[in-house]
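Here's a solo chain for you in structure tokens, the form predicted alone.
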Amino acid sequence: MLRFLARRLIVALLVVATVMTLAFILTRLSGDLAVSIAGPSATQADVDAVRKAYGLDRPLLIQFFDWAGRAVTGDLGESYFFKTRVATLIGERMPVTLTLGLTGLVIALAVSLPLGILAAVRENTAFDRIVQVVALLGQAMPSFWLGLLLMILFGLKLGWLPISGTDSWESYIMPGVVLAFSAIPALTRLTRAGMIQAMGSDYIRTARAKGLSRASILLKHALRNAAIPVVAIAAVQLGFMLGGSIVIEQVFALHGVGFLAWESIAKNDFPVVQSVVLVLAAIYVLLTMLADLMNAVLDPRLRGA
């Protein structure tokens, strides 16, 4: 188990280092940061002063190692626009994004697991085909379009839910549903496929021969094995939700990390942009590691992989 953890940790560190490098390079390829910070009306003297004040006159390699070294210790620098520490900005906005992502994941699992199980039990029936069609439509539907439809129907027409802000838990329902809608198709299909495969296994036939109840066979035996790939995909989907929340947070005016990233891109606040990318990537890698650990607990054969 320790070797399994060590291998996963090494891979995780390499991924984070790669993302850190790419985030730094891509912000530099977008143009001269000193010109962007100084503004279009700045003189050459102003641009030179900005370049020196922010250390942009140093070689790129030195700038990268300086930023990376401070980032490892939790110092993500200072925002050019907000004039405050980047770590403080992200820390203030992160609860909104985490709450939104977890809400979406809970809704997605609450819908996809029962649908996947029922579709597997009723394989090749009308219900099974309807579930597959709905999953296909859900994957093809743009999230911002669904968000606008929900806002018009439940926010403006019916007045049941708030269409923006984070004043109450109800504010997370519609954006959570939109995020969940993008994850439900993959989770449903994977649950269905896993359950179908498990139901045809020898240990399920043995359980039936022992006279176990249908519910016990489905939930205690078949679902445990079918859930192994679902756990991994659920962690990946949560990472996608956190990283892709920039669109949903913009639509519903939720001031989370995604909204912060959009603001920073619009204002050329590159320390915030590259730090948001780094933090979300680190969270994604952490979620993937946790999924690997949970899979190893559910299936001991994976510990030697």
Partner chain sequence: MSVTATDPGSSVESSPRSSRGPRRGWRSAGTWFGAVIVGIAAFCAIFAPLLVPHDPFAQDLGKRLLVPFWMDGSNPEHLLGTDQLGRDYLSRLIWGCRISMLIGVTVSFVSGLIGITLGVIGGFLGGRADDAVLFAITTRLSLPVVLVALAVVGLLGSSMTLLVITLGLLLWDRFAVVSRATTMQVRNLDYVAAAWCAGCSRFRILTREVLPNIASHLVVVATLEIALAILLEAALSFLGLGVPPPLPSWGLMIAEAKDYMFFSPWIIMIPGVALFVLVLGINLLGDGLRDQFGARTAP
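Numbering follows the first chain given and starts at 1. Computed from a predicted model, the values in this text were never measured in an experiment.
FYI, the form predicted in complex with its partner chain isn't displayed, but the following is about it.
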Open item on the list: Considering non-hydrogen atoms and a 4.5 Å limit, does its partner chain approach F64 in the predicted bound form?
Closed with: no
Open item on the list: So, L60 and its partner chain: in the predicted bound form, are they within 4.5 Å at any heavy atom pair?
Closed with: no
Task: 4.5 Å heavy atom contact, K83 and its partner chain in the predicted bound form - done: no
Open item on the list: My question is simply whether V35 lines the interface with its partner chain in the predicted bound form - judged by any non-hydrogen atom within 4.5 Å.
Closed with: no
Open item on the list: Just to be sure I understand the contacts: of L187, M151, L89, V131, which is the one whose heavy atoms reach within 4.5 angstroms of its partner chain in the predicted bound form?
Closed with: M151
Open item on the list: Going by heavy atom distances of 4.5 angstroms or less, which of L254, L238, L280, V50 would be at the interface with its partner chain in the predicted bound form?
Closed with: L280
Open item on the list: If you apply a 4.5 angstroms heavy atom cut-off, which residues in 233 to 254 are near its partner chain in the predicted bound form?
Closed with: F240, G243, I246, V247, Q250, V251
